[in-house]
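Quick heads-up: it's one chain on its own, the form predicted alone, in structure tokens.
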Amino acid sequence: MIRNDWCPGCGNFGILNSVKAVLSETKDEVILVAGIGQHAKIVDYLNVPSFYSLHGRAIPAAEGIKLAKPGTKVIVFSGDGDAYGEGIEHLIFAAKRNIDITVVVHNNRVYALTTGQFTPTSPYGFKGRSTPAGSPEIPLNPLELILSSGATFIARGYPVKADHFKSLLLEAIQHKGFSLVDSLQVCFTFFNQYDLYNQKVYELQGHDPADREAALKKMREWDYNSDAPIAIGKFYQADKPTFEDRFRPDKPKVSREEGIAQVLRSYI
């Protein structure tokens, strides 16, 4: 039994519990990919095939796995620094390609593993170890960015609302195309936002996720910096061809063994 090293009160526990519940309901073959950070330990606590990547490089590893094993469900776990900082170029291009993977971002808005530096989604004025006088940067709105990049499923969840969060994860995994679930995962030790989220979070009601302009308006309602209401739920969903559908579509499908043989013959 692997010892769990997350701090008491960590928002990662809520994500872990929801993921366990979702995986118990799916019959698909699942492969997990994680980045670097406290979030990445989630794969240690799940008895599922998994791959640890370099910092910011979880998404390209997941893309390679998906292309090699197109019949699998590939789920990426990444932190906000991991996905929206070091790995943002990979996130944008995965969305642009509409490759069929699910990215779950543990967005605690702080670098927790390195004990409190600001990230791309930390609020303006955030006081941490690298910015004791307050962060001079305006936070990024990742949902707006990923919508512009071409993602076909975009949601935000709050793991404290366990049933709602679980349903979002299940929808995201079942969606065919690039899915992003931005998770309000609270770091109890270095940036405790439970009181704010418990007061401001509300579930989307009567929203049409097929309406791109309505989705954008809702995404802009809270900019990760203000004291505005915080919508959670499915903002946007579209049915579009995936990267796998368009990737060398005229090439006949071959077995894994024949594929390896073709590669070896190319070197002879």
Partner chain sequence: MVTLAKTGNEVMAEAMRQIDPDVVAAYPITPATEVVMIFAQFVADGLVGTEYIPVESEHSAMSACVGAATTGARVMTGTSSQGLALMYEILPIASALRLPIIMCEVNRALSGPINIHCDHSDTMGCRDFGWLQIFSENAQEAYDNVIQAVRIAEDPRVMLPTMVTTDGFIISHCMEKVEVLEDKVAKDYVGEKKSPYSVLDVDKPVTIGALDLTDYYFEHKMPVIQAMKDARQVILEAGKDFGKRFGRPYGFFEKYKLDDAEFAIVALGSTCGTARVAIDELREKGIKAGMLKLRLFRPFPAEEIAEALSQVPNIAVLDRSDSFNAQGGPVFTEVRSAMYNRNAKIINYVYGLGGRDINVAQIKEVFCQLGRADKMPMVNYLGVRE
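Residue numbers count along the first chain shown, from 1. Just so you know, these numbers come straight off a predicted model, no measurement behind them.
The following text describes the form predicted together with its partner chain, which does not appear among the structures shown.
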Query raised in the report: Just one of 237 to 245, 64 to 72, 49 to 57, 218 to 226 has heavy atoms within 4.5 Å of its partner chain in the predicted complex; which?
Result: 49 to 57
Requested in this report: Answer for E86 alone: is it within 4.5 Å of its partner chain in the predicted complex, judged on heavy atom distances?
Outcome: yes
**Report entry** Distance check, N192 to its partner chain in the predicted complex, heavy atom within 4.5 Å
**Finding:** no
Report task. Determine whether any heavy atom of I31 comes within 4.5 Å of a heavy atom of its partner chain in the predicted complex, and answer yes or no. Result -> no
**Report entry** V201: touches its partner chain in the predicted complex, heavy atom cutoff 4.5 angstroms
**Finding:** no
Query raised in the report: F153, Y158, F126, Y111: which sits within 4.5 Å of its partner chain in the predicted complex by any heavy atom?
Result: Y111
Query raised in the report: Between the options N141, S149, Q117, S167, which residue brings a heavy atom to within 4.5 Å of its partner chain in the predicted complex?
Result: Q117
Query - Partner contacts for 13 to 49, taking its partner chain in the predicted complex and a 4.5 Å heavy atom cut-off - result: I36
